[in-house]
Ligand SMILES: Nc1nc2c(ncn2[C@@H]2O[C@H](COP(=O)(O)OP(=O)(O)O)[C@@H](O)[C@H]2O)c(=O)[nH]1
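Next comes just one chain, in C-alpha cells: the form predicted alone.
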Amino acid sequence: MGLNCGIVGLPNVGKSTIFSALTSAPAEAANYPFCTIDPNVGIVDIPDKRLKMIAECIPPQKLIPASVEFVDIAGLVRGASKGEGLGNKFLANIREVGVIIHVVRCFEDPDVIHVENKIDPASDIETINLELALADLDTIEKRLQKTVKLVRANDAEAKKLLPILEKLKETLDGGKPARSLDFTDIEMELVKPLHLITMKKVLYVCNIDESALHEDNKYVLMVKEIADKEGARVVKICGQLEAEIAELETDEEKEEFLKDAGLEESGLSHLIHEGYAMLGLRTYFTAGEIEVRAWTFKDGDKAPQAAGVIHTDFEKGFIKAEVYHCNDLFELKTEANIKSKGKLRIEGKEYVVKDGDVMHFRFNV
C-alpha cells in the first residue's frame, strides 16, 4: 500500500481547487471535465503546533515539519470500469494510493457545470463506488478462473483462496466494497496481493460553500448518512475559501482570516491530519540547536525502525534511544528539568515508539 492519499471524485467537484490549496502549487482547474489527465503529486507539510512549542523550549536555527503525499487523480465518470472517459488511467492511478480522499460536491452554483447536470451527492458517491467495485470485480473474476484450475490440480494455497474469492465476488456483484467484509488475519494476507481498490480506506470530503461552514446543508447531511453506514469519516471543506487562505503569505494572516470566518482550524488542516492518521502514520521529534524536526513513522514501529527513518545506518547500528514525551517538555520547559524529574528514559530495541516522543538515538556503524 502506498503511503499517500489519492484525491478522487467526479469531474468538476473541486478536486484540483482543493489540491492547489493543499500544496499551494497550482493544479490545472477549469470549468470542464477531464482538465486533470496525468495525476498531480504534491508533498504537503503536516500542521503541528507541537513543533513550534518544542522550539520555544529548545530554540533551533530552523524548524522542519513532517509531510505527506497527496495525489490529484483525473475525474471519473460512469462507465470508467469499461474505459469511459479516462477510466483505465484513473483506475491504474488510484490502485497505487494508500487512502482514497473522495471529494463530493455539496454546493449549488449555476456557473459551475456538473457532469450529471444535477447536484446529488448520493448519486455521485454511488457512481464512483460502483465503478470501483466493477473494476475490482473484473480483477476477482480473472483470478477466480485461474484459482479454479489450480484447485483442480490440488494446489493447497488455491484451496484456501477460492472461498474468499467467491465471497468477494458476491459482495462486489452487489455493488458493495471489499472493505465491507470482515476478514481474518490469515484471509487478509491472501487478499493483499489482489490490490483491490475497494479495500482502501475512504475519507469523504464535502466541498461546500461558505453558507454551510457552521451548519451542515442537506447535501452534507446526505454524505454523512452514507459515511455512517460505511464506517467512513467525513471532513467539510470550502474549496474557494481554502484557495483564498492559501494565497496569504504569513501564518499570522491565515490565522486572522480563519478567526474572521469563525473557524479554529482550516478544513485543509483537518483533512491533512485525517489522511495522515488513516495511513497509519505518526510523528516523533528530534530537537537541538541546529533544528527541531518532525519525523514520520508507522504506527507500531519499534525504536530501530523509527531511527531508520533518519538514516539506514541509525537502524543497522542502533544501540539505544533517549526518550521523553513532548508533553513533559511543555510542562517542565527544559531537558535538564526532564532529566532531574526522572522523565528521560533509556529505551532499547523493543520499545514501541509513541506519537509525540522526542528521541535522541545512539548508534554504532
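Heads up: residue numbers just count along the shown sequence, starting at 1. Bear in mind that the values here come from a model prediction, so they are computed numbers and not experimental data.
Not pictured, yet referred to below: the form predicted in complex with the named molecule.
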{"item": "Touches the named molecule in the predicted complex: V112 (any heavy atom, 4.5 Å)", "value": "yes"}
{"item": "Contact flag, C238 vs the named molecule in the predicted complex, heavy atom cut 4.5 Å", "value": "yes"}
{"item": "Contact test in the predicted complex: F107 vs the named molecule, heavy atoms, 4.5 Å", "value": "yes"}
{"item": "Distance check, L10 to the named molecule in the predicted complex, heavy atom within 4.5 Å", "value": "yes"}
{"item": "Which of 286 to 294, 128 to 136, 203 to 211, 219 to 227 sits within 4.5 Å of the named molecule in the predicted complex, heavy atom basis", "value": "203 to 211"}
{"item": "Sequence-ordered residues of 269 to 295 touching the named molecule in the predicted complex, heavy atom within 4.5 Å", "value": "none"}
